[in-house]
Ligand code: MEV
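A single chain, nothing else alongside it, follows as structure tokens in the form predicted alone.
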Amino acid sequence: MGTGHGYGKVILFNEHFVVYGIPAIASAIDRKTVAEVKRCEGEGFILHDNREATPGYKEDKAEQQRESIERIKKAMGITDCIEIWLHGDLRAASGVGASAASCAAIARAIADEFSLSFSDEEINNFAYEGEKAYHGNPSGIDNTCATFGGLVWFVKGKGMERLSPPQPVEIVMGDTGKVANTKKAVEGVKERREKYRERYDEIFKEAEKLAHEARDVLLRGDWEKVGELMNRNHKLLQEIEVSSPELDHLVEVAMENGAYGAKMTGGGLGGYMVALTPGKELQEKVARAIEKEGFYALRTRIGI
């Protein structure tokens, strides 16, 4: 039986903008999806999805997941029937790179089962193929984090550059519990950008400037400034209409409880937000405040 893994992720700056060639900054988190694969009789594949998940997530994504696995198999040249088991400590939800983590894990497990020697770069390409089923036009940032781990500076079409902050830092990710349609969110931005081109060009210009500023302060470990820039990035994402009332509410809860900065993360319209909470004590305070509001809080770190 072949095994493989893929990391969850958090986008710290510029989801959506990244689709248009603007730099984004993202990090793998210390949670992952594990896949196990073995050959079976018949055709196609059999899937056992044993991941913990936001209610409704797996059901809502089932069709996209099937297409994703077919895409990965085709890209890898696999025609045999395979049986797949998915598990791990990454809770499947929108905004935490769950689909990319599963794509990378499945690609690695298939390679292991069939004794295929693929590089991480090739695994990343297979995961990207799988991501197309979920995102339509993926930027590639999710599968890059899922495959390689670490903190990355990412430009679509140019790939990634690893960033090394002085030390890992605690964050809290709050799940709205709302399953989001990333493909719909991406298409919505495209339509509005075409309709309100001048206004959107200004927003996109500001997002690019912000990314370069964020890169510098992250590398210095200036967490107060990083938080301030995250707040600004959230406002830009609100302006392109990819946030939601639930996300905005959790951002407010985090800020009221001492987070250095907070914003939506991922495709938006639901899914996760992220709060920067250096130190275990602040992390716990913000996480408990989110839980008190009735939402799921994930305590993790970036820069690992």
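All of these numbers come straight from a predicted model, not from anything done at the bench. When you see a residue number, it is the position in the sequence shown, counting from 1.
Keep in mind that the form predicted in complex with the named molecule is missing from the display, and what follows is about it.
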item: Site check 11, 135 and 186: each within 4.5 Å of the named molecule in the model of the complex by heavy atom; value: yes
item: Proximity of residue 160 to the named molecule in the model of the complex, heavy atoms at 4.5 Å; value: no
item: Interface membership of residue 18, the named molecule in the model of the complex, 4.5 Å heavy atom rule; value: yes
item: Contact label in the model of the complex: residue 139 to the named molecule, heavy atom within 4.5 Å; value: yes
item: Heavy atom of residue 182 within 4.5 Å of the named molecule in the model of the complex; value: yes
item: Residue stretch of 107-115, 167-175, 139-147, 71-79 approaching the named molecule in the model of the complex, non-hydrogen atom distance within 4.5 Å; value: 139-147
item: Heavy atom within 4.5 Å of the named molecule in the model of the complex - qualifying residues of 238-277; value: 266, 267
